[in-house]
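In the form predicted on its own, a lone chain appears below as structure tokens.
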């Protein structure tokens, strides 16, 4: 699939701007998920995901074709999300209401084999609570926790996306996990 994307990128660089539509279609859900998991707000995630594609399109000439396009694009989305987090007031997440049914569909990966509805609701509430606690982490820890455990990226991919050494990624993953463990101690 990476070959298909690289072919589309070459077409865009040559002036075929409609080829970028296929790139957007292929990556739009993943970019939105990264933004949503970092920001915790669907509308902001849509805005940032759209901005990520606009930035990728306008800066396509700076993309190094020897590297994975997805890593470059995810880095743009992650950086834009971090910028948005920095611009927000820090108490935004502390005062935000836990949405009743909104956002619970993000965790619809729970198997529906024979779970009782009460168990499903309890599990969804726990996942929502954990997600809210992740949103309260400092941006530098939140970004690595989301990319490592929710998006399941390797340490090297996270290093490439955030443009920091792998050792720093490991440290931030460890410290972010410890901070999250302290917050979730009573659960």
Partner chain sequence: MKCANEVIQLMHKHLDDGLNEEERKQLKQHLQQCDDCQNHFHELKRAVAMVQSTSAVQAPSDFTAKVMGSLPKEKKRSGYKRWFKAHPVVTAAAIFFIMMFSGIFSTWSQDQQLSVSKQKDIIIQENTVIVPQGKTVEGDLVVKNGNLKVEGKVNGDVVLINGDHLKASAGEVTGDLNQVDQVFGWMWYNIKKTTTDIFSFTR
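Residue numbers count along the first chain shown, from 1. Everything quoted here is computed from the prediction, not taken from an experiment.
Below, we turn to the form predicted together with its partner chain, even though it does not appear here.
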In the model of the complex, do 10, 84 and 140 all put a heavy atom within 4.5 Å of its partner chain? no
Would you please decide whether residue 38 lies within 4.5 angstroms of its partner chain in the model of the complex, comparing each non-hydrogen atom pair? no
Does its partner chain come within 4.5 Å of any heavy atom of residue 24 in the model of the complex? yes
Whether residue 15 contacts its partner chain in the model of the complex should be assessed with a 4.5 Å heavy atom distance threshold; does it? yes
4.5 angstroms heavy atom contact with its partner chain in the model of the complex for residue 162: no
Going through 161 to 187, which residues have a heavy atom within 4.5 Å of its partner chain in the model of the complex? Please give them in sequence order. 170, 173, 174, 177, 178, 180, 181, 184, 185, 187
